[in-house]
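First comes one chain, alone, set out as structure tokens in the form predicted alone.
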């Protein structure tokens, strides 16, 4: 028996499973507890939900929360680096209004910034990209909306989220609500261990010593898929489809979807075995900012009904709410009425966490960095043949 046949017999249950659960490296930024959810550098995510996004970013890069002086200096650094390299985002004007998914634009926008890459200084590239993201996001939104230039010039003194909201021209109560929701959204979505697809894809590309911009663009391409980051878009569309908050009607709808073998969006998680703390936090925000919103009322009922119905199936290990159940509804209430844009917010958040992980891996092994990723694939059903 050949060595490869022996490997097949030993590993067959782990092959062609997307490497699920197979350790391939270490992660310093975050980990996911099956009950308590994601932790950033040891801090439970629920404890961080109200911190400034900039401070959460500092935590992921430095593995500790900033003190008052460190926070101020870090925010000043981001503000000083915030000016987009001239002409970088002109690509948005040449694509054509409404052409392609917004995630494609996000990836191309990040790649366009590679013209400003710092030679052999990936940490500076990471800081710069994080500083440029608010304007990149605003330019993406405004260009796709056909309004061309940003209504309001960039003002980094407002903070990452405040600047983005201001550049979109939001004002008054609308701006306050949008900033409240987005600040928490960014913090909750920044990182989630090292093995999710977008993070792994970004780190794998970076292991070839590709630029940070190429690596993060690759991560955004991975995130754009319907099985990954686009789930928050699908979940809002699912909530809209439910169309009621009556418990009996919601239960009938859920059972009907299950009978038709269609997914119940917003529930279940690959690692968690309890309700995602990020969902719990966002439900509290919903009760704070939009308790009477009909869509939020539907979410509230789904959260009560769906776990009970899904729990009837012994094959479902976690029938509880995940982060996507609430996030799309909150973004909709914040004034973002096109669900296809929601994954770009997820991408904005993950730019921070994935960049931190790439920097960690580039500095590992005494500065040599993680070797290029090269998993082994075994040949299957390929007998030697001759013409």
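Everything numeric in this text was worked out from a predicted model, so none of it was measured. Only the largest set of C-alpha atoms that superpose within 1.5 Å between the two forms is called the rigid core. Residue numbers count along the first chain shown, from 1.
What comes next is about the form predicted together with ligand NMX, which is not displayed.
Novice: Could you work out which of 322, 30, 333, 49 is the residue within 4.5 angstroms of ligand NMX in the predicted complex, going by heavy atoms?
Specialist: After the contact test, the surviving option is 322.
Novice: Which residue among 268, 286, 162, 102 has a heavy atom within 4.5 angstroms of ligand NMX in the predicted complex?
Specialist: If I apply the 4.5 Å criterion carefully, the residue I get is 268.
Novice: So, a 4.5 angstroms cut-off on heavy atom distances: do all three of 310, 317 and 346 pass it with respect to ligand NMX in the predicted complex?
Specialist: Checked in the predicted complex: all three residues contact ligand NMX.
Novice: Does at least one non-hydrogen atom of residue 297 fall within 4.5 angstroms of ligand NMX in the predicted complex?
Specialist: No, residue 297 sits far enough from ligand NMX in the predicted complex that none of its heavy atoms falls within 4.5 Å.
Novice: Would residue 228 show up as a contact with ligand NMX in the predicted complex if we use heavy atoms at 4.5 Å?
Specialist: Residue 228: yes, in contact with ligand NMX in the predicted complex.
Novice: Is there a heavy atom of residue 258 lying 4.5 Å or less from a heavy atom of ligand NMX in the predicted complex?
Specialist: Residue 258 belongs to the contact set for ligand NMX.
Novice: Is residue 169 part of the interface with ligand NMX in the predicted complex - any heavy atom within 4.5 Å?
Specialist: Residue 169 lies outside the contact set for ligand NMX.
Novice: Among the candidate stretches 75 to 83, 208 to 216, 228 to 236, 106 to 114, which one is within 4.5 Å of ligand NMX in the predicted complex when only heavy atoms are counted?
Specialist: Partner-contacting stretch among the options: 228 to 236.
Novice: Does residue 159 move appreciably between the shown form and the other one, meaning a CA displacement of 2 Å or more on the superposed rigid core?
Specialist: No: residue 159 shifts by under 2 Å between the shown form and the other one.
Novice: Taking the rigid core as reference, does the Cα of residue 306 move 2 Å or more between the shown form and the other one?
Specialist: Moves: yes, 2 Å or greater.
Novice: Can a Cα shift of no less than 2 Å be assigned to residue 175 between the shown form and the other one, given superposition on the rigid core?
Specialist: No; that C-alpha moves by less than 2 Å between the shown form and the other one.
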